[in-house]
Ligand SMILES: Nc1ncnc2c1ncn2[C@@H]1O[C@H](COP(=O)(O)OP(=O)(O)OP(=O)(O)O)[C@@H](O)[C@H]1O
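The form predicted on its own is given below as one chain in structure tokens.
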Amino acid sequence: MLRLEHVVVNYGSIQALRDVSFTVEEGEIVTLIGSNGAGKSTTMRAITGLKELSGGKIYYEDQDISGWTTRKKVEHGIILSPEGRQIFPRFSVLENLKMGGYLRTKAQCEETLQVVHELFPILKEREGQAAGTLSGGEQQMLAVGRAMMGKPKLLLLDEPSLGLAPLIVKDIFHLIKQIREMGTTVLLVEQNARSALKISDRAYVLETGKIVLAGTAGELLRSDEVQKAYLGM
């Protein structure tokens, strides 16, 4: 479904991504793990068109999308739930959700809203509440729900567990599994490597802008290198 080939991204004279290549197959959960500054969020921004490529190509459903605008990518089902949630705090929960479906018809949004409410019942309960007054976990659910309102084929989740309590983290990862079961392919960027690998099919390790390890999630969970660097073992 998604294929990066020798992708390079520069910020001025700094090379943030160096010859990055990986694939995401339809129906998978694939995780990118790595430390702060490894280039994980830059990879997501490059895929969505928020950051211009300095080299390489990105393919989606066998089309070269390297030069596509972010809007065109959203129209074709590539949707990002960004790091830090980036909700609109003064808008209501419902208004935030509806903004996620801004490229879709009213009827389509109403249909998808029912699905989002089934996934996140708390968002239905709080639909009239200002988004900024939600708890951290509820705000993360809102951010993911807003992304789901665009009906993604490929959902990009950037650090969905960041700053959340352990019990809420467990709920978030359970919901990611549910989203995949609904037919959505997921590319996940996550520092909580253990939880991410437990729900993933495959994973890649990114260090200083370069893929240094790849394999099934089980293989990386058992890897001595991954255990020492990312699993605290």
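Throughout, we count residues from 1 along the sequence that is shown. All values reported here derive from a predicted model rather than from experimental measurement.
Below, we refer to the form predicted together with this ligand, which is not included among the displayed structures.
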Review point. What stretch, of 64-72, 28-36, 197-205, 174-182, brings heavy atoms to within 4.5 Å of this ligand in the model of the complex?
Key: 28-36
Practice item. Verify the contact flag for A16: yes if a non-hydrogen atom of it lies within 4.5 Å of a non-hydrogen atom of this ligand in the model of the complex, no if not. Key: yes
Review point. Even though this ligand is not shown here, does E138 get within 4.5 Å of it in the model of the complex, heavy atoms only?
Key: no
**Study point:** S54 within 4.5 Å of this ligand in the model of the complex, heavy atoms
**Key:** no
Check your understanding: Would N192 count as a contact of this ligand in the model of the complex, using a 4.5 angstroms cut-off between non-hydrogen atoms?
Key -> no
Review point. Taking K40, R45 and E159 as a possible spot, do all three reach this ligand in the model of the complex with a heavy atom inside 4.5 Å?
Key: yes
Revision key, fill the gap. Taking this ligand in the model of the complex and a 4.5 Å non-hydrogen atom cutoff, the residues of 75-106 making contact are E83
